[in-house]
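Given next, in structure tokens, is a single chain: the form predicted alone.
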Amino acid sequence: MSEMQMALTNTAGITSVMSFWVFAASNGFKQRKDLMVKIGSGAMVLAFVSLTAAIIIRGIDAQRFPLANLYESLLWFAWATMGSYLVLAKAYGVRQLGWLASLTALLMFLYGSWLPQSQHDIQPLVPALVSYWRWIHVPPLIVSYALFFLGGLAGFIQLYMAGRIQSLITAIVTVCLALLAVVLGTFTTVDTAWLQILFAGASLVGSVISFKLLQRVDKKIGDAKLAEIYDDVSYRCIAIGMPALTFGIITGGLWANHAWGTYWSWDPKESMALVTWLSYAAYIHLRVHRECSAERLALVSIVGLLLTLMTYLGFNSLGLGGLHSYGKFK
């Protein structure tokens, strides 16, 4: 990694921290909230521009498209998350989503910074990745993952604005336990069987309890108008992410046929991508036909976030292997 790329990446990380704290603090200063939101958005723009430059410079230094390992994919994920939020903020003025978007980008920077130096260094491509299909197949998937995460985060805010506090808290704890399983699987020697149980058990039990608790409404908290806005934001994120995921799956099949002579091999990550696709297809069907409430749809988007997390990082860190595995890092 060149000094210029490191400086730009560090700038993006530091400004994402600033953006997170300013957005979060704006909730406690009503009189200066607008000013603080503008400062937080400005920090996010600076982080996005810095990360864009860092990715471009990494590509120039590597003399290839800079998306070939886990570290580089995390940079792209943070880039897509910040860029998508800035577009949403311009279109909807969704202030509360800002601190969650910057927090997500910050977590990806931290996760990437903890990876071994071999991931940070520019390495020659392994033979399987020496193909023009890499820059056709992978970027749409990363963008779709970022949009699905934003859709799930908007679902959290929708639950809050709708007064479903107990359901919201349960959903937050569920996602935190799933993230904990991924982090422990990546950086520790904990038996992956226990981590698989933690991820799957927390996701299943937490989701069921969250749906059960939707009936409990705190009428003192929330804003029906904002709840409707965040429901629409979640839907827009998923509606845009779905074609990107579809394109990524199709081009993945074409690349697989080119490399291995088969379009589909039921590799674990392929299979999980299909499950994720089906979950969001169900969400869009339910949303378009208005077959369930906005609060239930918010939880469906959060379940989709968990499936996206498993598809993107879970199989790599929980010892499930497959042709797409980045391996286990210590």
Partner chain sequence: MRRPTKQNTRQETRTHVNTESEKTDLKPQTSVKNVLASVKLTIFLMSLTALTVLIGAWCPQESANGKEKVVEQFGAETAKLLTQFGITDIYHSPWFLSLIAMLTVNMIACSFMRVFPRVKLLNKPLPFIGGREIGKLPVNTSVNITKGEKSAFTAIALKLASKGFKVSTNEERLLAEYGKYGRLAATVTHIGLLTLLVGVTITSWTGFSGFQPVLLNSHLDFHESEHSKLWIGKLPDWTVRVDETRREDHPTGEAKQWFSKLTVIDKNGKEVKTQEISVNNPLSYDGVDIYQSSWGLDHLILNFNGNERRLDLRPMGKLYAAFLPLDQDTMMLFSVRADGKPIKVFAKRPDWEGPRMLTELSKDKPAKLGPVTISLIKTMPVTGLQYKCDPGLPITYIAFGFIIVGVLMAAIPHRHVWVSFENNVLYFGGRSVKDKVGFERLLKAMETQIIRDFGEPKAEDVVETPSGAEAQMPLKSGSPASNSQAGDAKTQTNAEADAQKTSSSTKQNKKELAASATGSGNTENAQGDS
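The structure presented is a predicted model; accordingly, all values stated were derived computationally and were not measured. Numbering follows the first chain given and starts at 1.
This next part talks about the form predicted together with its partner chain, which is not shown.
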> Could you tell me if K212 has a non-hydrogen atom within 4.5 Å of its partner chain in the model of the complex?
Replying inline: no
>> Test of understanding: in the model of the complex, would L103 fall inside 4.5 Å of its partner chain by heavy atoms?
In response: no
>> My question is simply whether Q117 lines the interface with its partner chain in the model of the complex - judged by any non-hydrogen atom within 4.5 Å.
In response: no
>> Would you classify A282 as touching its partner chain in the model of the complex, given a 4.5 Å non-hydrogen atom cut-off?
In response: yes
>> Tell me which stretch of 232-240, 160-168, 182-190, 67-75 has a heavy atom within 4.5 angstroms of its partner chain in the model of the complex.
In response: 232-240
>> Can you confirm whether N10, V17 and I39, the three residues that make up this candidate site, all sit within 4.5 Å of its partner chain in the model of the complex, judged by heavy atoms?
In response: no
>> Pick out the residues of 251-288 whose heavy atoms come within 4.5 Å of its partner chain in the model of the complex.
In response: L254, W255, N257, H258, A259, W260, G261, Y263, W266, P268, S271, M272, L274, V275, W277, L278, S279, A281, A282, H285, L286, V288
